[in-house]
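Form predicted alone, single chain, as C-alpha cells, below.
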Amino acid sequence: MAANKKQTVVNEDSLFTFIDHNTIESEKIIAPRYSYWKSVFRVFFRKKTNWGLLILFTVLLLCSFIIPIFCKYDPNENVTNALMFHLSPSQAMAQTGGFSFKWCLGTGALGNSIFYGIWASARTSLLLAVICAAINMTVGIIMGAVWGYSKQFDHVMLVIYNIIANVPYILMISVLVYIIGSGFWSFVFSLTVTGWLSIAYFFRTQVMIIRDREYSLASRCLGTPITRIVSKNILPFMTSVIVTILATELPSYISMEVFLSFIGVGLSASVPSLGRMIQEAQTAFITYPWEFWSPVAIASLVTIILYVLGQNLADASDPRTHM
C-alpha cells in the first residue's frame, strides 16, 4: 500500500518542471517558426491548377531552349526548292519521306519548318520578356522608392514623367527602333529606356502612402538611415504589389513584341520571333492556316500561363491569405 502511494507521488511530480528565476528563460515563447516564403509557396501550391500550369510552362521552356540547340532553324533552308513551299503537315511529311517532328506543323512560305521556327521564335520572345522585365522592374523599384521618399527628387521626376507620359509608348518605341536599328539588343533598349518610368511612378505613390505610417516615423525618430527604412520598412511591405506588377509585365513584353513585329516595327528578319512568323503568315491566313495559327497558339499559351501564374503568386504573397 505504501509502495503504491509512493509511486503515485512520483508520477504526479513528473508532470511538473521547476523553473528558476532566470529572466532570460522566462521571456522565451515557444511557438512554431514562421517563414514568409514557405507560407507563400504553401498557399500557391495548394491550388492544383498551378501545378498543371507550371508543368505545362516547364515543357514550353524546355522545348524553347533545348530544341533550337540540337535542331537549328534555318528560314532559308528550302528557299530554292519550290516544292516545299506552303505544305500542310501531311504533304510535308509525304514530300520528305515519312513522319518527322520537323515537318509535323507543315512548312512556311519559303519551305521553312514551322515546328523548328516556333521554338526558336518562342526562345527569343521569352528571353526578351525576362530581360526587359528584370531591367524595368529593378530600375523602377529603386527609382520609385527614392522618388516617393525624397521631396526634392519628386519635383524633378514629376516634370520628366509628365513630359514622357504624354508621348504614346508605341510611337516612342517605333521611333527608337527606326533610329538605332531593329536588332535584339536595340529592341531591348527601346523597351526599357522609358519602360521603367510608369513602374517607378506607381511605386512612388505606394511609398508615399507607407512612409508616414507609425513604424516608419518611429524609425526616423530613432535615427535610422533612409536607405534602411526603405529596404526594411517599405519594400518588404510591398512584396505582393511587386509580384502583381511582375505578373503583368512579363506577358506584356511578349505581347508588345508580337504586336510590333506584326506591324513591321519589331525585330529584324534575321531574328526569329513569334510576331515575325505571324506577320509573314497573315497573307496566308485563309489558304494556309497552319502557318498562322501555330505561332498564334504558342504566343497566346505562353502569355496566358505567365499571367495566371503571376496573379496566383501575387495572391499567395499577400500575407492576408496566410491566416
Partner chain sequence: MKKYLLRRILFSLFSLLVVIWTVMLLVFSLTDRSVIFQNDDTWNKRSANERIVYEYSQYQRYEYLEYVNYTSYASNKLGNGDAYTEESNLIQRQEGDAYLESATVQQFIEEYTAKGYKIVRLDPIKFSSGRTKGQLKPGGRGFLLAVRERPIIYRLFDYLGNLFTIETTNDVKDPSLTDRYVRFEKDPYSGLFAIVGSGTTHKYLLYFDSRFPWIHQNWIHLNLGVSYTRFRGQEITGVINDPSGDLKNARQQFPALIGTDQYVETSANFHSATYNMGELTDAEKQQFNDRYTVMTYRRSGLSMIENSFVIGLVAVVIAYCLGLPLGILMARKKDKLVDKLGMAYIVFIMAVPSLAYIFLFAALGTKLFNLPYKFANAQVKFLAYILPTISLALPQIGSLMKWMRRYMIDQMNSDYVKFARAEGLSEQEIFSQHISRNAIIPLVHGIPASILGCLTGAIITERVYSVPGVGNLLTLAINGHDNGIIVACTVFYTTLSIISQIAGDLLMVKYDPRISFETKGGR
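The structure displayed is predicted, hence computed values, not measured ones. Residue numbers count along the first chain shown, from 1.
Not pictured, yet referred to below: the form predicted in complex with the partner chain.
Proximity to the partner chain in the predicted complex, defined as a heavy atom within 4.5 Å, holds among K72, R213, K151, R228 only for K151. This chain is drawn without the partner chain; in the predicted complex, the residue among A218, A82, I170, V130 with a heavy atom within 4.5 Å of it is I170.
Contact with the partner chain in the predicted complex holds for all three of N166, G264 and F292, each having a heavy atom within 4.5 Å.
Contact annotation: F259 falls within 4.5 Å of the partner chain in the predicted complex, judged by heavy atom distances. The partner chain is not shown here, and in the predicted complex it never comes within 4.5 Å of any heavy atom of A94.
Shown alone here, W185 lies farther than 4.5 Å from the partner chain in the predicted complex, counting heavy atoms only. Among heavy atoms of S90, none comes within 4.5 Å of the partner chain in the predicted complex. Stretch 155-163 is the contacting one of 155-163, 138-146, 237-245, 191-199, since its residues have non-hydrogen atoms within 4.5 Å of the partner chain in the predicted complex.
In the predicted complex, the partner chain lies within 4.5 angstroms of at least one heavy atom of each of the following residues of 169-187: I170, L171, S174, V175, Y178, I179, in sequence order.
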